[in-house]
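First, one chain by itself: the form predicted alone, in structure tokens.
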């Protein structure tokens, strides 16, 4: 993935504005592979009804792009000249949503088709700006985006060339204003317009560039890459709730591991996970290995259509930052479990300032971490009580993940693997054998193997708290 990215940086360049046309290239049905039957019949019906009512309407964006790449789209979006109110008047099952960016959702059972009115570019600094329709902050970030415009203006204000393709299922033509078909064929992510300005308008576009590059296995064109590192700190100004949704898209779509590599390389990881970024700087081998292995496991589960949870994901992303906090508290005389609990609380509070992780996930995160302190304590009835704990499986999988990253736990993972598989008599013997061995304490990694060996189960962590 990174090799493809770096290759794209050496690709032939053209100035940012030269790839946008005021008159689109029109591809008829013999010049592209799309067929109307590939699209949602509900989305096609919406386009037809809006056109019959006298409005312009097209299927647009990701569904057109993905079908050109023989990828099944996750959703189908429509762009139209009709205002949200006019769309709602045409469809009884329509609902207007959003304030920053007003849209219409049209419901067909469980399927929702999103309909957006053509947008125009925002007024320049010296032009009068209606705060009810359009507003920016002092850095240029768009706070409200309800300036309606023409089809050409809508194409120009879209983020990437590959997302500015419009398909008309009635005539079966594709309208290409930004050489998007060319960039799809050359597997390039390219911003429309001046990249620095476009990133300042919405810094989340930097994350979207990474997400599309990872998902599609595309490179990022040089003009679109160059401003990212200097502008990466602007992500700190994005609302934490919005970043939570963006991070889920980044890491829970089946290509989390290459996303992580690109975020680190483009210096976008630090604004999202500042404490983990610091751990990556001070303990790079262990931190990188643990996070990468967790993401590889996550990608594998998604490919196998197995459930995943953000709780396990965030537990892994944040864990490398936890031991140092625990150690500082223990040096003050705090017992291990109490130190773990307080350090976990503080770390999650800090992280939620950047990414608003909901409580329904922060509680399982803390339970997974707490289990790491309890798993070494197996004497008496403790082992059976832990085995019956609803978080045991997630805690056990997390222990295997730590060991796969190189932590030395004195064979703790193998012990628990054997204990789960043993009968009652074998389990009692294993507990008796512990009386001659001191129990391990503390979550901090001790000695690390230079090249962690593959262990049974280490690549198959459930990634589901309580599974």
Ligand code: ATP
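Positions refer to the first chain, counted from 1. This structure is a prediction, so every number in the text was calculated from the model and none was measured.
Keep in mind that the form predicted in complex with ligand ATP is not shown, yet the notes after this line are about it.
Each of 61, 65 and 77 places at least one heavy atom within 4.5 Å of ligand ATP in the model of the complex. Of the candidate stretches 172-180, 242-250, 301-309, 354-362, only 242-250 contains residues with a heavy atom within 4.5 Å of ligand ATP in the model of the complex.
Here is the short version: of 265, 194, 202, 370, the single residue with a heavy atom within 4.5 Å of ligand ATP in the model of the complex is 202.
For the candidate set 222, 215, 288, 278, a heavy atom within 4.5 Å of ligand ATP in the model of the complex is found for exactly one residue, namely 215. Shown alone here, residue 378 lies farther than 4.5 Å from ligand ATP in the model of the complex, counting heavy atoms only. Interface residue remark: residue 163 is counted as part of the site for ligand ATP in the model of the complex, having a heavy atom within 4.5 Å. Interface residue remark: residue 397 is not counted as part of the site for ligand ATP in the model of the complex, having no heavy atom within 4.5 Å. Under a 4.5 angstroms non-hydrogen atom cutoff, ligand ATP in the model of the complex lacks residue 257 among its neighbouring residues.
Along 155-176, residues 157, 158, 159, 163 each place a heavy atom within 4.5 Å of ligand ATP in the model of the complex.
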